[in-house]
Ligand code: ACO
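Next up is one chain by itself, shown in C-alpha cells, the form predicted on its own.
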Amino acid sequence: MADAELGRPEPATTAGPPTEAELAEGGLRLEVDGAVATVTLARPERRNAMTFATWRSLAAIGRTLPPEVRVVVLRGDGPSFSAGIDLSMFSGGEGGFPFGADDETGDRFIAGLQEGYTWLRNPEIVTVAAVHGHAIGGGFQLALACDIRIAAEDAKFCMKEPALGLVPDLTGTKPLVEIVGVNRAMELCLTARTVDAAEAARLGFVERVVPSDGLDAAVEALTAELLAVNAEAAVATKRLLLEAPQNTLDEQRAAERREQLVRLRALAAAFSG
C-alpha cells in the first residue's frame, strides 16, 4: 500500500517544525515528552474553532514529528474539544480561500488542509483523541482521524457541515462510513444531529467513555498501555489493520505472513543475542 493511502504526508524537505508563533497563529500547542506528543487545540475563547492556519499547522506537526514519538494525543483547552470551522474567517471576505481560482488550485488548497488529518493514520504512531464537550464538524472529523477516541461523559458529536451548506471534507466521511455504515452515516450527516457520548459508544466511533473528571487519567493510563507494547510489533499490527478493509482474505493472509516473518526473525535475533 502506498504511503499516501496509509496517511503519511509527503516528507518534509527544507521546512522545519512549526515555530511557537506559527502554532499560536493556528491556535495550537505542541508538547513532546519522549515517546508522547500532545497536540492541544488552544483557542478556548472560541471553543477551539479551527481556521485554515489550524489545519496547516497540524500538517506541519505531522511532517516534522520527532521519530521517537510513538503516541500522539489530541485534546482541547476549555469547555470543548472543538466547535469546528471558525466562520468568522469569512466575515471580512474570503478567509484566505482562493474562490476565484481554477479547480486545480482550489483542489490543491483543500488537499493541504486535509494533510493536517491524514498523518494521524501513519502506522508508525498511535493517535488518541481525548474528547470532552463539543466535537463539531472539523472537530468531529479530527477525532475520527485518530486511531482511538476516549470521550468524557459530556462529549457531544455533530457533523455540522451540511447544515452550513458545506460537505465534510477533512477526511471524515471514510472512517464514519467504515464505522457506522452508509445509511447511519447519511442519517447523522444529513440531519446534522448531535450524538452524546453514550450513543457514540453504541455506534462504535468512541472506544471508551469515562467520567468527565477522569478523562486526563484515562488518557494517561491508555498511553502507558500503548507504550508497554513492543514498538515494532505495534507498527506492523497497525499497518495490517489499515490494509485489512481493502484486502481480500488471501491478500491479508499474505500480508500477515510478510509481517510475521520479520517479527519472528527479530525475536530469534533477540534471544540469540
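Bear in mind that the values here come from a model prediction, so they are computed numbers and not experimental data. So that there is no doubt, residue numbering starts at 1 and follows the sequence shown.
Below, we turn to the form predicted in complex with this ligand, even though it does not appear here.
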| message | I'd like to check something about R47: if you look in the model of the complex, is any of its heavy atoms closer than or equal to 4.5 Å to a heavy atom of this ligand? | response | yes
| query | Is there any non-hydrogen atom of V182 lying within 4.5 Å of this ligand in the model of the complex? | reply | no
| message | At 4.5 Å between heavy atoms, is G84 in contact with this ligand in the model of the complex? | response | yes
| Are any of the heavy atoms in I136 no more than 4.5 Å from a heavy atom of this ligand in the model of the complex? | yes
| Among the candidates A192, I110, M186, L164, the residue which, in the model of the complex, approaches this ligand to within 4.5 Å (heavy atoms) | L164
| query | Thinking of this ligand in the model of the complex, which stretch from 203-211, 26-34, 220-228, 47-55 has heavy atoms inside 4.5 Å of it? | reply | 47-55
